[in-house]
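Listed next as structure tokens: two forms of one protein chain, kept apart as structure 1 and structure 2.
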Structure 1
């Protein structure tokens, strides 16, 4: 019996080898499928895969780098043609890249980076989003006034880079003063409490808020609205999530920065397929961020 199974297996393998037009299979491990932004990346990947006729195996790492490494190991064991990694962490997800490269399977990072360089990278420069948002606040304030900043989870790549970008603009505008900065852990409820506390301690001194993501910007907005201070404070976030776009439309939120989830998701599948087909590809594809305000909102609302 064992022999028959072995024989069938070998024949099956041969079959694959011979039919050169085999369907390309790509293993995908995503940071967290309960995050709206990652869900959008995922949808764009599925659409692109359908268009190109390739098969995706989607795994959700649920924010665990360890689980992510295991998922890549099982992709290697399944001998997928390529892997797309949406890293949980810069350092802890790096072994996933090492293992794929060692096994000779091309790996494409999407959205964020790992310490080890993958075969290709598709994403955005997070510093740019911090720069764009803070630059917007600087212009609205004529480079003069007090700003507060809400960080994401301290130590995460997006937090570090958005902070870095924002501080570059602050350094260029000595009239802008960073009155306080604190973490809202990317969370709307936490950001709302933080803003309420700032309203108590700093009150009318605050002229603008930069939140490193839209969830926190929405939390800050709600706190300001309840304190009847929104007309005196400018609020900007990053990500252009649906709620934030609606708030910009309603004239509640001043600005957000659009990160192109669709561009990243379909771009990653596109590059992975090119690598497998041995076509020329770019090693680094940067999808630009764009400032969204009431003036140019139309093109971002679907």
Structure 2
């Protein structure tokens, strides 16, 4: 009986080897898994990996580009088949791409860019989200009034490009004045504290807030509500995270800009697998941003 079982096991192993190649392993380093948008990217990656039968090794860089480079070095040492990088910074995360390419391992950047071009990129044009949000505020204010802007991490691609996009619209609307701008580091609590400081120093001069992500928009919103100022200030964010969509539904948040986390996460895994299998792939995949207000909210609520 034991001999039969052993024979069946050996045949099963042979069948596995003949039916397909060894399982593809992809190393993934993510910006920060305490950020809801990055969590959504992570979940989409896991779902796509399961669908394609590939293994993911997920690392959280915890907002440290230095840690991210170390994680990529570890992936190289493990001889993973491909790497997906969700960069912390344009400059400081670039050595991670350099090292992967030098080691002959394909690397796909997701959501954010680095100075060094990776094998492929899956994300969105961040300047577009800045233009969409600031254009919305300009229309709501009839191109007249004072705006404050909350930046993400200084030096990260999304921060740089959302700032550029917003300033393009400001330049076209000379009646709009950027009263203050400062980093809230993509963080809700830090944004709330920053908004409280602005309320104390600028008070009724503030007519609108552009937060470069929804975490910060929600922080600004809480500070304005506590100061009983929300009915006088328009607030817009970016990402369309669940909290922000619910706030738009409740009439608290004026607008957000939908960024397709699921499309980016699953797309990055899909491209990485195609590269490993030497199948045709797109070197750059850009997924459009879309303005979300109470009027079109229904299509974004799951």
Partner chain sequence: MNSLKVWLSRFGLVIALVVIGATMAVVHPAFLTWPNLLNVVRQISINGILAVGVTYVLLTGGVDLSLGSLVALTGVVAASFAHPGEYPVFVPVLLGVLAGTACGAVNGLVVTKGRVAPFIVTLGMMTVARGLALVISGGRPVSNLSEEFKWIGNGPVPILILVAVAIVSWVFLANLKLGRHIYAVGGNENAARASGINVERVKLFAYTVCGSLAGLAGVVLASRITTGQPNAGAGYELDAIAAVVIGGTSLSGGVGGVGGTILGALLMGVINNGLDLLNVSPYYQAIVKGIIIVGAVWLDRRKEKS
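In this text the structure is predicted, and so the values were computed from the model without any measurement. Positions refer to the first chain, counted from 1.
Enquirer: Of the two forms I pasted, which one is the form predicted together with the partner chain: 1 or 2?
Expert: Structure 1 is the matching one, since it is the form predicted together with the partner chain.
Enquirer: Give a yes or no answer as to whether residue 256 and residue 272 travel as part of the same rigid body between structure 1 and structure 2.
Expert: The answer is no; they move as separate rigid parts.
Enquirer: Smaller rigid part versus larger: rotation angle between structure 1 and structure 2, in whole degrees?
Expert: Value: 14 degrees, smaller part relative to larger.
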